[in-house]
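Presented below, as structure tokens, is a lone chain in the form predicted on its own.
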């Protein structure tokens, strides 16, 4: 008899998340070890003390593991331990070299199995890449580095200084004294410009348009790309933008290109702004998105385009959950 070990994490303590995570973990263990259900003698689960909604053993039953014995236990609380984590041991009547499986945030438990990984998500404005990137980062317990916010903050500084976004020389001089930082407070990412939280200001349309112009300047991009590469070189992270897979991280482990029709992207942005109480004209917004696409795709330095090895996903008729699922399915097939 041999023992196969596995672990995974869940984004929140709900029955649905536990069912999803346990099913995914067991299916991966079966696949990687070429197991049949009747070869499994028993499944033993343990979960961290912050999981209460549903027993992993019941989730295994839900996933169709009916012929083996199952057991669930709760682990004692450990300071600094990995949160929302489910572990399992599978006892198998089969002579094989076990392939242990560690998914999502549990990858950090086995550095020898799951090393550092970088994920690049590119696409035009409104394709959903930022929302999706944040969700994937949470599921895999890795850093989400908001590159767009960094460029937007620079654009805001340029506008506040009354500088023409096309004036690269003046912008370079301005950037020398800019203090730009991205911090996390209570799980929320904030962009700080000269010590001020500008997370809301940088999402306004004038800043978005200026950001497209400012980001095309090679000197500005090199200044920020250097910092982004340094971060990606020392930790697992996911970045979204317009040239992540083609220029910033050309050797990223996973690359995706999200797109959607201009009408769909304009409608998403329109609904988002209306929900925040901001009055905006739909046709004007659509025109701005089309012009933004033209700027991004035709800039001379690192233009917006799909990397040759990126997976294309048209999100026009997809929900955020469906896009996240599609991306994570591609990743799990390679992990």
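Numbering follows the first chain given and starts at 1. Computed from a prediction, not measured in an experiment: that's the story for all the values here.
The form predicted together with ligand DC exists for this protein as well; it is not shown, and the discussion that follows is about that form.
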Next item on the list: Could you tell me which of 209-217, 131-139, 156-164, 189-197 sits within 4.5 Å of ligand DC in the predicted bound form, going by non-hydrogen atoms?
Entry: 209-217
Notebook entry, point to check: Heavy atom to heavy atom, is residue 102 within 4.5 Å of ligand DC in the predicted bound form?
Noted result: no
Checklist line | residue 94: touches ligand DC in the predicted bound form, heavy atom cutoff 4.5 angstroms | finding: no
Note to self: I'd like to know if residue 299 sits close to ligand DC in the predicted bound form, meaning any non-hydrogen atom pair within 4.5 angstroms.
What the structure shows: yes
Checklist line | Distance check, residue 246 to ligand DC in the predicted bound form, heavy atom within 4.5 Å | finding: no
Next item on the list: Could you spot which one of 87, 265, 221, 255 gets a heavy atom to within 4.5 Å of ligand DC in the predicted bound form?
Entry: 221
Check: Out of 305, 286, 269, 32, which one falls within 4.5 Å of ligand DC in the predicted bound form, going by heavy atoms?
Finding: 269
Notebook entry, point to check: Would ligand DC in the predicted bound form be within 4.5 angstroms of a non-hydrogen atom of every residue among 147, 151 and 203?
Noted result: yes
